[in-house]
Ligand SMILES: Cc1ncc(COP(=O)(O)O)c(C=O)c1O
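The chain below stands alone and is given as structure tokens, in the form predicted alone.
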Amino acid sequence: MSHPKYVLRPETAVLTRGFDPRLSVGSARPAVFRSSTYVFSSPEAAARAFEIALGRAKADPGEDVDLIYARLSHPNAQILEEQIVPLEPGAASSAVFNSGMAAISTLFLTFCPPGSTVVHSAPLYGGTALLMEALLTPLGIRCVSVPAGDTAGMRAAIASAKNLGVVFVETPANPTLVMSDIAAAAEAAHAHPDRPLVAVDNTFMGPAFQHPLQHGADMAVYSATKYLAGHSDMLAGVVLAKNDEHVVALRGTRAVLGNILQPDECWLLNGRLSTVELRMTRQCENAKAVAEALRGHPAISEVIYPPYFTDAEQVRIRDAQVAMPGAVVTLDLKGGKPAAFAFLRGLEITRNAVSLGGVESLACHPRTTTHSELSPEQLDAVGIGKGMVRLSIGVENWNDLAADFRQALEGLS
């Protein structure tokens, strides 16, 4: 496909990059390619495709390499991996997976051999924490935890780590919304003799409001199930990287594990990319209005939301790396777990469900759901309290949402 001679802005590139209508019978938008295997243009092309797939050779710039088998790649994955790149400033290429956890686990298995160390912020999403405890640690990978927002602690942990493979930062933390300094973590990692890679779980704020690669990170990781897909109807994961070679390595591990995103899901996700910023902006505006409406309610100990940060370090990090506060609001309810459960039972519009980022509003009790893999002591240590409820604000009318939350809070105080 011919491209303009000037650089396209992300909103345009996401609709034009990586797709040639002439290869789809003139279709204006990509079709779904459900083939498991692909016919080679020649025996020589087949041999060349396998050389590149097995890492024995690199594709030349502009080379059209034949597809082999859908577990390695397929047209819809190729189109999606090209079209999603402009959404993450600084990214050179991407790899797509069949869930966010598939993306995270493939990243660790690719860049953390046995005997290596991972330094990470805490809390992490419960599934990521369980991955470290149940899979990485038994494989001989040491996982070092640093409280989210502890910039000095993160620098020290990175500097003292031996055989450091990956620095993994989730910011804002789920569900406490505590932010970690990406630039500081990247600076410390790049000064380390092991040259570890810095990966940021950008699910809560990206790709609209936070851009980790611009702050020195090597990779941005997404549960694309959330805001990228945006409709709570599919699972997907994405890793976007500055360096093509890191994506090539990820795709190699993906081919072995067989966790590539399937054609139908690639097609669905591709169609959602052009509306990500529109949806996230509406959700964020709703969240700001809802948070303000609930602030000061007698049944709530605290409305946790970035505009309300008072800690000087958190304010500094927020202002340095986040453009807008996002659409997740966390409530700390007086009365602990009984109050949280009563609140969730009382909701009439917002659904009591895990996940986030969909156009519909969702609410959950992290301590007994998304982070229930952690022990009570671990939950207390990372600030996930008994009365904490995480709200993912959707695109409904915010007045209706606020009214729903208020009526659910009735009687709790």
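Note that the structure is predicted; figures quoted are calculated from it, not measured. Residue indices: 1-based, along the sequence shown.
This protein has a second form, the form predicted in complex with this ligand, left out of what is shown; the following refers to that one.
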Task: Which of 182-190, 339-347, 167-175, 316-324 sits within 4.5 Å of this ligand in the predicted complex, heavy atom basis - done: 167-175
- [ ] Using the partner position in the predicted complex, report whether Ser121 sits within 4.5 Å of this ligand, counting heavy atoms only.
- [x] no
TODO: Look up in the predicted complex whether Ile104 has a non-hydrogen atom within 4.5 angstroms of this ligand, and give yes or no.
DONE: yes
Task: in the predicted complex, Lys226 touching this ligand (heavy atom, 4.5 Å) - done: yes
- [ ] Look up in the predicted complex whether Tyr305 has a non-hydrogen atom within 4.5 angstroms of this ligand, and give yes or no.
- [x] no
Task: Contact residue in the predicted complex, chosen from Ser73, Ser232, Ser99, Ser301 - any heavy atom within 4.5 Å of this ligand - done: Ser99
Task: Position in contact with this ligand when the complex is considered in the predicted complex, options Ser94, Gln83, Thr203, Thr110, heavy atoms within 4.5 Å - done: Thr203
Task: Whether Ala148, Phe309 and Ile384 all lie within 4.5 angstroms of this ligand in the predicted complex by heavy atom - done: no
Open item on the list: Under the 4.5 Å heavy atom criterion, name the residues of 120-134 that approach this ligand in the predicted complex, in sequence order.
Closed with: Tyr125
